[in-house]
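What follows is a single chain, given as structure tokens, in the form predicted on its own.
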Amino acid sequence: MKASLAAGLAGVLFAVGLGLGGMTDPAKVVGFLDVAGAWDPSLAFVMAGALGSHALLRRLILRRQRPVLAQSFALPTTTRVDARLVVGAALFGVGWGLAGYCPGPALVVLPVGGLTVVLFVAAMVAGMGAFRWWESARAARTKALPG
């Protein structure tokens, strides 16, 4: 129960931060990505603030033996940059640039964003489902191969 409440509070805090930072306004995001046109660098300050606070707090948090509300930390087990990571990041960036939303801000404005946001979130959920299906099928094929 405490973990769910903490997760909900963190989600609300994240949503407020996205709204205050302007990340929920697709025009602002597209303006930031339009480096050859009327570039709006203000989101760079949002990103710098996020990276700076993450860098400081991560060190502090990982000094603990375990998280306050969990038995262990859930950290990535690999630091390898491979084709899957690069292609996934490129697809994420293209989608962000085309729509002006990434997943967090889209979920924040879903109740008030209209049909465009609903379609974006539906496409995002469908893409996530397609990826999971593809990963499962790939794992099954690999397991079925002899040797």
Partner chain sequence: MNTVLLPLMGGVLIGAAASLLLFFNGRVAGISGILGGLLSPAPGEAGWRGAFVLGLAGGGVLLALARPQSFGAPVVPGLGVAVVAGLLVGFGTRLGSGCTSGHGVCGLARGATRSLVATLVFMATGALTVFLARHVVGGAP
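Positions refer to the first chain, counted from 1. The shown structure was predicted, so the numbers you read here are calculated from the model rather than taken from an experiment.
Note that the form predicted together with its partner chain isn't included here; everything after this is about it.
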If you check in the predicted bound form, is Ala139 within 4.5 Å of its partner chain, heavy atoms only? no
Residue contact check: Ala3 to its partner chain in the predicted bound form, 4.5 Å heavy atom: yes
Counting only non-hydrogen atoms and a 4.5 angstroms cut-off, does Ala7 reach its partner chain in the predicted bound form? yes
Find out whether any non-hydrogen atom of Thr79 is located within 4.5 angstroms of its partner chain in the predicted bound form, and reply yes or no. yes
Could you run down 69-91 and flag each residue that has a heavy atom within 4.5 Å of its partner chain in the predicted bound form? Leu69, Ala70, Ser72, Phe73, Ala74, Leu75, Pro76, Thr78, Thr79, Arg80, Val81, Asp82, Arg84, Leu85, Val86, Val87, Gly88, Ala89, Ala90, Leu91
